[in-house]
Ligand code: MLT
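In structure tokens, one chain follows: the form predicted on its own.
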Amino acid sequence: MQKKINGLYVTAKGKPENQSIVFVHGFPYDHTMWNFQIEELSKKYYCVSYDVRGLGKSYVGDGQYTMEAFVWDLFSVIEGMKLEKPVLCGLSMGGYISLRAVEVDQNRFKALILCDTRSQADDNEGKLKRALAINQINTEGLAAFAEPFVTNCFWNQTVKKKAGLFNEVLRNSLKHNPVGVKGGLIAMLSRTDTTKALKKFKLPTLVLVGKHDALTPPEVMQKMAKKIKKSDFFVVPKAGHMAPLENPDFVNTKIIKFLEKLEG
């Protein structure tokens, strides 16, 4: 099932009466990065995914996005799909959105899954990198930014051994409207730090990180996980920053076990 909610392209697979899971993708990707998870989990769960504003098939507009607007978009999807207490699953930028959404109103959710992300806001160096990326897109085009960025998201062995998968993801990333990609950079640059809120999280939380993640290394995510009371932490072997794509069998197994534990 596909529909538009608040300008967002939303897809759903599975039976609506089952426990719902909302998947929020990373940057600069789209909802298809969760295909391996949705294919397996939709057998027992109602899997909802969507393209974040500015990316994929969602509304682009003027590209003047904020992280708060991304959170409001997430809430609009939950309301528009009439989801009751969904499990929230986010990777990288999707994790930023998820962390802030839980900080705003954790009562909306049943549980949280965080993949290859961090709670810290950009420091000055990070903000400057985002600004340089926007300037690079303006002056050199989207490909000049996206190709090295996407490559760095994957473990180098994934790029070599799963070239078809990597190339498909890269091709999809190059299809985005540059205005939307720049808007995503602005939103990430604008995000607040959610680290202090972690100790207030009451939701059962699964934290997953690729062993070879160069952007959010395992030690960074383990520190974050330790701040969340009800958290389980796992390092995903043979994976970089895109763990759900690079090692889907391992990630799916951990998610299924986590969800089964929720059911008691």
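Residue indices: 1-based, along the sequence shown. On a predicted model such as this, the values are computed, not experimentally measured, just so you know.
Note that the form predicted in complex with the named molecule isn't included here; everything after this is about it.
The candidate spot formed by Val10, Tyr59 and Leu74 lies out of contact with the named molecule in the predicted complex, as no residue has a heavy atom within 4.5 Å of it.
When the named molecule is considered in the predicted complex, Leu215 lines it closely, a heavy atom lying within 4.5 Å.
The named molecule is not drawn, but in the predicted complex it has a heavy atom within 4.5 Å of Phe27. For the chain shown alone, Trp155 is not a contact residue for the named molecule in the predicted complex, no non-hydrogen atom being within 4.5 angstroms. Although the partner is absent from this view, Lys85 stays clear of the named molecule in the predicted complex, with no non-hydrogen atom inside 4.5 angstroms.
Interface residue among Leu112, Ile78, Met93, Leu142 relative to the named molecule in the predicted complex, by the heavy atom within 4.5 Å criterion: Met93. Checking Val169, Ile137, Met188, Val159 against the named molecule in the predicted complex, a heavy atom within 4.5 Å turns up for just one residue: Met188. For the named molecule in the predicted complex, the listed stretch (27-35, 198-206, 44-52, 229-237) containing residues with heavy atoms inside 4.5 Å is 27-35.
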